[in-house]
Structure formats: structure tokens, C-alpha cells
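Shown below, as C-alpha cells, is a lone chain in the form predicted on its own; questions about how it binds or moves come after it.
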Amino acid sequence: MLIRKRLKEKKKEEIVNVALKLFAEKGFYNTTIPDIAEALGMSVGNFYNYFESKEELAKYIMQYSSNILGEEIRKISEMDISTREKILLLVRRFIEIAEEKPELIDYFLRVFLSNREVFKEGCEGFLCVSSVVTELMLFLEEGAKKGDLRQQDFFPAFVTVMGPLGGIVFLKGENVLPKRPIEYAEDIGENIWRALKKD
């Protein structure tokens, strides 16, 4: 039973990776379930054993992406290094993930943020990105508790961290950066640290 569950999860991960590539190439609305099934070499009927609809797949991908990033934030939070070093590392790791898996970030920017009608039910607000939001909240709380970061409402701090990260990968996607995004990591991290640190 456990082996079967693992095999199903592995197949779902394959579906996610293929769907992400197709969404990036053809756009979300122009990609059909038969397209995804064909790219995977599986029947359309078999696809429905894993996801009931393209909308369900879309929400699952968002949760899957959020879990990956949330796990990275958690690992950095648990490190025995200063809050400043954690912020610099967080920025570097986010950009590395964006370079390793550009489809994930492209999906967030071009599908999740641009097609909110797809994510209406079961994915409202932060529901599909709760892993990232929760881990970032804990990260910021810990920094404030240690006296390194200013006490402030979560949302301004959240935007201060995520805004520059989304911005740099967006600029990369638009091919307007003269250098690789990773080469801006230290400056971005330093800017975030200075904006959040306690005076």
C-alpha cells in the first residue's frame, strides 16, 4: 500500500514537471490535458487517475512549489548563523531555485498571479502558498525575537522580502538583466537586511 502511494506521488511529480514545461512554452490556457498526457506517454484516461481536472493540477502545482520553497526557508531558519547571514542565504537560494527550475517561478508569476479565476476555490488568499508564508512568518518572528529585526506587522515585512525576489526573476524572464540574477544576490540580500534590521 505504501509502495503504491509512493509510486503515485512520483507519477504526480512527473506530471507536474511536464505540465510546468508545457505551461511555460504554450501558456496555461493553450495547454490541454491531452497535450500533457501525450508528452508523458500516457492515456488521457490514466491522467484522470491522478488529477480530476487541469484546475486541480494547477492548484496542486502551486502547493508543490510552495512546499519546495517553504522547506528551503525552514532549513535556513534552523541554521546556526546570524539573521543577516540567513537573509543573504535566503536570497541566494531563492535565485538558485529560480535558475534551476525556472518553470516554477514562471508558473507563479505568469499563471498563479495572472489567472486568479483558476485558483478561486480551495486556493484563495494564501491557501496554496501557506508553506512559504508560514515559514517566512516564523523566520521573521525569530529574527525579531533575537532583537535583530524590527518588530512590525507581517505584511510589510513579507513584501520587503518577496518583492525584490519576485522582481529580479521577473526581470530575468524579460531578458533585461545585463548579468545573471545570482550576481545581484548579495546586493538584494543586503538591501532586505537593511530594510528589516532593528536600528
Partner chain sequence: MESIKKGLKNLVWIQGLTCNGNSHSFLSINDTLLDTFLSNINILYHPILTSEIEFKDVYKRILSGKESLNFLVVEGAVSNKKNEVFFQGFDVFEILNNLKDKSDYILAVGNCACYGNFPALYNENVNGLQYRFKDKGGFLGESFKTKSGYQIINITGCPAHPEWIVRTILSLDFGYDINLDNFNRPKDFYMYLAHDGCIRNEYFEWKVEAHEFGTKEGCLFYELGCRGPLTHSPCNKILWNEKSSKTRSGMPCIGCTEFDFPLRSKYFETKTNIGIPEEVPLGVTKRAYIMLTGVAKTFTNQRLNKKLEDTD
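Because the structure is predicted, anything quoted here is derived from the model rather than measured. Positions refer to the first chain, counted from 1.
Not on display, but discussed next: the form predicted in complex with its partner chain.
The stretch from 142-150, 46-54, 167-175, 27-35 that comes within 4.5 Å of its partner chain in the model of the complex, counting heavy atoms only, is 142-150.
For the residues Arg84, Arg74, Arg110, Arg92, the 4.5 Å heavy atom test against its partner chain in the model of the complex is passed only by Arg74. Among the residues Leu40, Met162, Met137, Ile68, the one placing a heavy atom within 4.5 Å of its partner chain in the model of the complex is Met137. Residue contact with its partner chain in the model of the complex: Glu117 places no heavy atom within 4.5 Å of it. Taking the partner from elsewhere, Glu100 is found to have every heavy atom lying beyond 4.5 Å of its partner chain in the model of the complex. Contact between Gln63 and its partner chain in the model of the complex is not found at the 4.5 Å heavy atom cutoff. At a distance threshold of 4.5 angstroms between non-hydrogen atoms, Ala157 is in contact with its partner chain in the model of the complex. Using a 4.5 Å cut-off on any heavy atom, the residues of 95-134 that reach its partner chain in the model of the complex are, in sequence order, Glu124, Gly125, Phe126, Leu127, Ser130, Ser131, Thr134.
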